Structure formats: C-alpha cells, structure tokens
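What follows is a single chain, given as structure tokens, in the form predicted on its own.
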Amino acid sequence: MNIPSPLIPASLQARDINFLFQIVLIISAIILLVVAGLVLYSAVRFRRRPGDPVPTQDFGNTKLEITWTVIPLLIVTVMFFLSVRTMHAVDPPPLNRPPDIQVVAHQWWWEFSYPESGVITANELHIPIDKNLLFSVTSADVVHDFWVPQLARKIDAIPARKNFAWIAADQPGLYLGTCAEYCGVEHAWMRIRVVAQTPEEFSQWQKKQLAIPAKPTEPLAVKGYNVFMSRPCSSCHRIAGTPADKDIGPDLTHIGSRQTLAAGVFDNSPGNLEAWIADPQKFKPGCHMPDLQLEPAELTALTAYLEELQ
C-alpha cells in the first residue's frame, strides 16, 4: 500500500525536509525531557515537609541567568541555520526559467500541462525520475494547496498569482498527494496521483498523450460521440481533434488511459464512469458536474466513446 507520508521521502527535497523535521523533533524532545525532569525532581526533592521552615529566598544568580539565556539562544541559532539551509536546498529560486509543469487548481480537480510538449491532463501527473522539475502553481477559483508529501513541499495555489516549487522522484512508482488547504465541500476529493517513470516510459507516455484520438467507428461509440457533441459535455470539456475545446472541466482527450475518475473518487472502469456521468452529485455532492438527464442508451453510448479515448 502506498502511504503518502512525509516520513517516507522519495526525493532529495523530501529527504531534506524530513531531516529538518527529525532534528527539530529530537531537540524538542530533549527540551521536554529536561524541563519535565527538573520540574519532577524539584517537586519531589524540595517538597515541603512537616516542621520545615520557610525556604531561604534567592533574588538573583548571574551564572544561572546567563546559562538559561545562552543555551536557548544557541538552540534557536542552530535551528535557524538548519532551516535556511533546508529552504535553500528544497526551494532554490527559479531564476526566470520557464516551468516544466503548470498546475492549475480547480474546485475540485487538478489541471496539469506541460508547456514544452503541449500535453494537458487532469489529476494524474506523470514525471520522469531523477530530474528536478520546476512547476508553477495557481488556482482558477479559491485558494488550494498542492502537496505530494513524499516528493516535495506544500505550495499554495492562489488565484491570479503563480507560485513556484520543485518536484522530483528518485524511484519509479506511484506517489499520492492531495489538496492541503480547505477549499470547499469536496476538498477531501481533490486527490493527486504522481506517476514517476523512467525517462523512456515517460517519453512513451507523453507521445501517446500527444496523439489525436482516432474517430470512433463502432456504432455504439459513434453514437456516444454524437451524444457528447450535442449535449452540454462539449460546453465544458476538451477532446483534441474534435470541436470540443472548452477548459471549464477536465481535458478528456485521453480519459480512458487514466487510473481514476473524479479526482480519485473511483477507479477508472466503464461501470464507474457510467455511474459517475449518470449522477455525479450522488458521489461528489456540490461538484460542478451537472446531471445531464441522459437516457440509459445515451449513457451507455457516451461511456463507450469516452473509454475509447486511450
């Protein structure tokens, strides 16, 4: 099972953040033990006993005051320099370099685009391993937060503003993430899947994503295509090579190749896709996907067409 935990880092950035976290945790634990131990020792050793006189009052100890001032100052100074070092390692300035990946957050899904190749996808981000990638993050509506704990730090997605961060992966695999800023009723279903691949696999994936899907030829898929173009679907979504070119909803050019639907609500299967289109509010209440009031035959045909978009 893939656990999206920052304690299991899978990139240089995540390891630096985890190292800093462990250092702070150890220092904090030592301080807690020392303070709690002294309080407990004093409470037992110097507790009042029957017949004890009033203790002698001590109104100042220069050595002690210097000690409890210098030690915290040294601790804070060490933590400051460790934090600066980590910030520099994790988040070096982009230096006017164009981003490798553009992230746009929507209620409640993610849009990923690759400016160099022109690939656009949703909720499922593919990256090559062993490459430090610069990504820009913004939002189309409210404040979100992009976070894949094993790969990179959190970064806010803010409307009308671009933030920049770096992401990388050491090993091929699936890394899970989510929106880390409450952004509305379906905040919990705004999942991210990062598929880290070898450069060869990534190149192959990118090549497939750039291919224009063939026009449907099977009667059922042809009917589904006509349903898509005649119903409100084409008013919100884009499918390359067709008249549908809107970007209000996720790009569906290769929806059939994705692993999940509705930003992680379902595994991608014909049954789940049909159920989602039939009644999106049942599975993701408050989402902007309307109930299209399709007839059962239209629903089956539309599902067949979309599943062909590999």
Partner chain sequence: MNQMSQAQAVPRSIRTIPEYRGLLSWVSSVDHKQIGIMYLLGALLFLLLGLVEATLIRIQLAVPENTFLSPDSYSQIFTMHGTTMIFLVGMPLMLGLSVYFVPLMIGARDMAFPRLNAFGFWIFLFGGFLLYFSFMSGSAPLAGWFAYAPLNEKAYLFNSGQDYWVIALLLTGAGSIATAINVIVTVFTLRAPGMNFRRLPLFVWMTTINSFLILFALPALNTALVMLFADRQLDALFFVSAKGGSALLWQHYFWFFGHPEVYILILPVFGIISEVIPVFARKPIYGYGFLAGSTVAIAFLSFAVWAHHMFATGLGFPVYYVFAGASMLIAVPTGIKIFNWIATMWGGSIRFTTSMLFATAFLIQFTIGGLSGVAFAAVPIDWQLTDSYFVVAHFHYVLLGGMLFGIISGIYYWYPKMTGHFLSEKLGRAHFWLMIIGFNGTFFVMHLMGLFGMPRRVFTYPADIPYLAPMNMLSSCSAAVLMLSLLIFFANLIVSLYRGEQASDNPWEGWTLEWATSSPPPPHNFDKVPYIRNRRPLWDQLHPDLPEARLEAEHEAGGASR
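As the structure is a prediction and not an experimental result, all values here were calculated from the model. Residue numbers count along the first chain shown, from 1.
What comes next is about the form predicted together with the partner chain, which does not appear here.
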note = Note: exactly one of 90, 221, 127, 119 sits with a heavy atom within 4.5 Å of the partner chain in the predicted bound form, namely 90
Contact test in the predicted bound form: residue 212 vs the partner chain, heavy atoms, 4.5 Å = no
query = Heavy atom to heavy atom, is residue 158 within 4.5 Å of the partner chain in the predicted bound form?
reply = yes
query = Looking in the predicted bound form, any heavy atom of residue 28 within 4.5 Å of the partner chain?
reply = yes
ask   = With the partner left out of view, is residue 24 within 4.5 angstroms of the partner chain in the predicted bound form by any non-hydrogen atom?
value = yes
request  = Name the stretch, out of 231-239, 201-209, 95-103, 180-188, where some heavy atom lies within 4.5 Å of the partner chain in the predicted bound form.
outcome  = 180-188
ask   = Quick one: which residues from 59-79 get a non-hydrogen atom within 4.5 Å of the partner chain in the predicted bound form?
value = 59, 60, 61, 62, 64, 65, 66, 68, 69, 72, 73, 76, 79
